[in-house]
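For reference, the chain that follows is the form predicted alone, supplied as structure tokens.
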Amino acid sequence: MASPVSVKTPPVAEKDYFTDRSVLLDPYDYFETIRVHGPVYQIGSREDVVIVTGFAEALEVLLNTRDFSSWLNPDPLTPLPFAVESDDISALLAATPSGEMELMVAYDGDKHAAARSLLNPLFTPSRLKANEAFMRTYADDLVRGAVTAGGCELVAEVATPFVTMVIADLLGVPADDREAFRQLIDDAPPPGNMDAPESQSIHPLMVMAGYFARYIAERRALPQDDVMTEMANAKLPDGSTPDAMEVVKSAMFLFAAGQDTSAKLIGNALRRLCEDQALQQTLREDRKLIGPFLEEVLRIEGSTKATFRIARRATSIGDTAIPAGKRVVISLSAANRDPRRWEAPEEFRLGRPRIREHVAFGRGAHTCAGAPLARAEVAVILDRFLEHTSAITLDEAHHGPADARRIAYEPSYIIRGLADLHVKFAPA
């Protein structure tokens, strides 16, 4: 086996993945530009960051928890509070919180497994069945209202309230507080949004933490027959009782992260159906195809662009040497369009073989815990839209004609989602 080689920056005029507005709004040309230089690319303006665009290489990093830590998530630009002076910084990472409020997504190993186990009460068959009944009823009400009105701005008026209320129901957020949660989410910038004031970056999470802390304290003092009580009294895998704040952070993170990505996924999926009326009618006539359709949407335009790792020790990705402390952007979007893995990856193909092998939800220990919920949410609301309409189209007054579309995406290096989507409905 050949020895690893150092990654080199190609002599090209380069855009910065994290700050260049054209890349933030539409990253796909950028990914293809850097892909020609190999599946692991050194950002010229950031010598401590590489981007992984290859599918095999992305899997390699995602599954290698020995050499790569999730410490950087959700902010890959977090400064290291220590100097990298050796080939192994594992102990330093383990001993150093990654932020003011360290979240489950940044945990490694047993600590991550323990935090994730606190979500188990949410995903029992009985709880999921009750939540699916809620989401179908709520989706039907939202869709009927939008269709009766003849159109809507989908992201704010349907997608966001829908996923917010579904996750609130799953978590057992009291009905009186759900509107406050929805307003918090509406007012918060998406993760990685470079237009957001720095002062807003953690504020919504802090406010939600206050709510969840109260719920957990109340349920531990006075248990009730609800899912919040189950979470409050859940045990860690070793049988011990977790610190209340760990329960709070797990619930809060699932709420915030799942809400944003699922809402964006609904927008991405509906835009695809609006632009392809034949495909829309195919799904309307055979709803069993909604599942395969959604998987291909996740591959070609999933709502999570990237996840992040930092090298714990000197290692390699493929044949590229990676020193300890190197930051790694695992571009899920680019990996899902890697021509070495996917035939004609730029084409949308319903029924693509082995489609569920995409990495839109990550892979390995940090596979998105809410992936089954996200799939169910989007499938349910697409089904309701197709049931109550004979056609769904883009509103050309807002988005222009088919040959001159005006579509605005949010400028984020983490999330791929529409700023807005104005649609019109012809009732069934």
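Numbering starts at 1 and runs along the sequence shown. Remember, it's a predicted structure, so these values are computed and weren't measured experimentally.
The same protein also exists as the form predicted together with a small molecule; that form is not shown, yet it is the one meant from here on.
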Might Ser45 be said to contact the small molecule in the predicted complex, defining contact as any heavy atom within 4.5 Å? no
Taking the shortest heavy atom distance, is Gly370 within 4.5 Å of the small molecule in the predicted complex? yes
Residue-level question: is Leu332 within 4.5 Å of the small molecule in the predicted complex, judged on heavy atoms? yes
Is Thr261 one of the residues lying within 4.5 Å of the small molecule in the predicted complex, judged by heavy atom distances? yes
Go through Ser98, Thr307, Thr320, Gln280 and name the one with a heavy atom inside 4.5 Å of the small molecule in the predicted complex. Thr307
If the cut-off is 4.5 angstroms on heavy atoms, which of these, Val380, Leu386, Leu62, Ile34, is the one near the small molecule in the predicted complex? Leu62
To test your reading of this chain, name the stretch in 100-108, 232-240, 146-154, 345-353 whose heavy atoms come within 4.5 Å of the small molecule in the predicted complex. 100-108
